[in-house]
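So this first bit is one chain, no partners, the form predicted on its own, shown in C-alpha cells.
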C-alpha cells in the first residue's frame, strides 16, 4: 500500500515519525486537548493532507490503555470523515488482547470489543505487532495481519549466544519460538510444568530438548509482572543452561518486574519499541523493528 500521510497518537510519536522517514510520507498535524471534565478532543488540522490519499494511523495502547484506545477510535473516525483513499491502522501494542474468549461465565471478550470497534469505523487494513492471541484476528481474514518480530529479537541475542536454542515459556507461545528458530536455523521447544507427586513441588523443564551447557533464548510476547520469565530463567539455569536471554516483544515491566528478572539470573531483556514508554536501564536492550514494519506496510493493504 502506498502511504502518503501518517497520523500518530500521542504515545506513538517516536514510531510515527520514524515510519514517515522510512516510507517517505508526510506527517499530519493534530490538535489535542482534554476538557476540564476529563473528556478528550482532537482535530486533524490539515484536512487536505488526508483527502484522496493513502493514510497510515499509528498508535500504541500502553500505557493508559483506555485513553489510547479511545484516541485510536477518534483518529479513525476523524480520518474517515476526510475521505481518504485508504486507511491502514498500525497498532504496535493492542490492549485487552489477552481476553480472547470467555474463561468464566459472565465475562466479556474484551479483545473482540476492541477489534470490532476498530473495524466498524471503516479501516481498510490492520497491522498488529505480536498480538497475544492470533485467534482474535481470524474473523477479519485478509484485512488484518499479525507481525511477528521474535526473529529480530532472537537475532540480537545470537550476537552473543553460543550453542543456542529457542524456548517458548508455554505451548501457547510456541509459534513465536518456531518462527524465530526457523529463520535462524535453530532448535526450539516449549516449557512444561510438572508437579512432584511426593513433595508437591512444581518444576519447569523443556518438553524434549536438553538445555545443559547451552545458551537459551526465551521468546514471549508480553512481560508484565515478570513472574513467568523469572521462573523459567531460574529453572533453565537449574537444569544447566549456560546463559538465559529473554526476548519479549512488549516489555511492560510492571512494578518490580525488572528487578525480579535480574535476580533470576537472566543475561538481559531484548525487546521492541512498541510502547509509549521506554525503560532506561542497560539490562533492557531495544531492537529496531520499524524497518520490518515499513516493509510489511509497503506490501500489504
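Numbering follows the first chain given and starts at 1. Note that the coordinates shown come from a computational prediction; the quantities given were computed from them, not determined experimentally.
We do not show the form predicted together with a small molecule, though everything after this point is about it.
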Original post:
So which stretch, 224-232, 118-126, 147-155, 180-188, is the one near the small molecule in the predicted bound form (non-hydrogen atoms, 4.5 Å)?
Top reply: 224-232
Original post:
Looking at the partner-bound form in the predicted bound form, is residue 210 within 4.5 Å of the small molecule by any heavy atom?
Top reply: no
Subject >> Interface membership of residue 102, the small molecule in the predicted bound form, 4.5 Å heavy atom rule >> reply: no
Original post:
Are any of the heavy atoms in residue 98 no more than 4.5 Å from a heavy atom of the small molecule in the predicted bound form?
Top reply: yes
Subject >> Partner contact for residue 195 in the predicted bound form: the small molecule, 4.5 angstroms, heavy atom >> reply: yes
**OP:** Establish, in the predicted bound form, whether 132, 170 and 202 all lie within 4.5 Å of the small molecule, using non-hydrogen atoms for the distance.
**Re:** yes
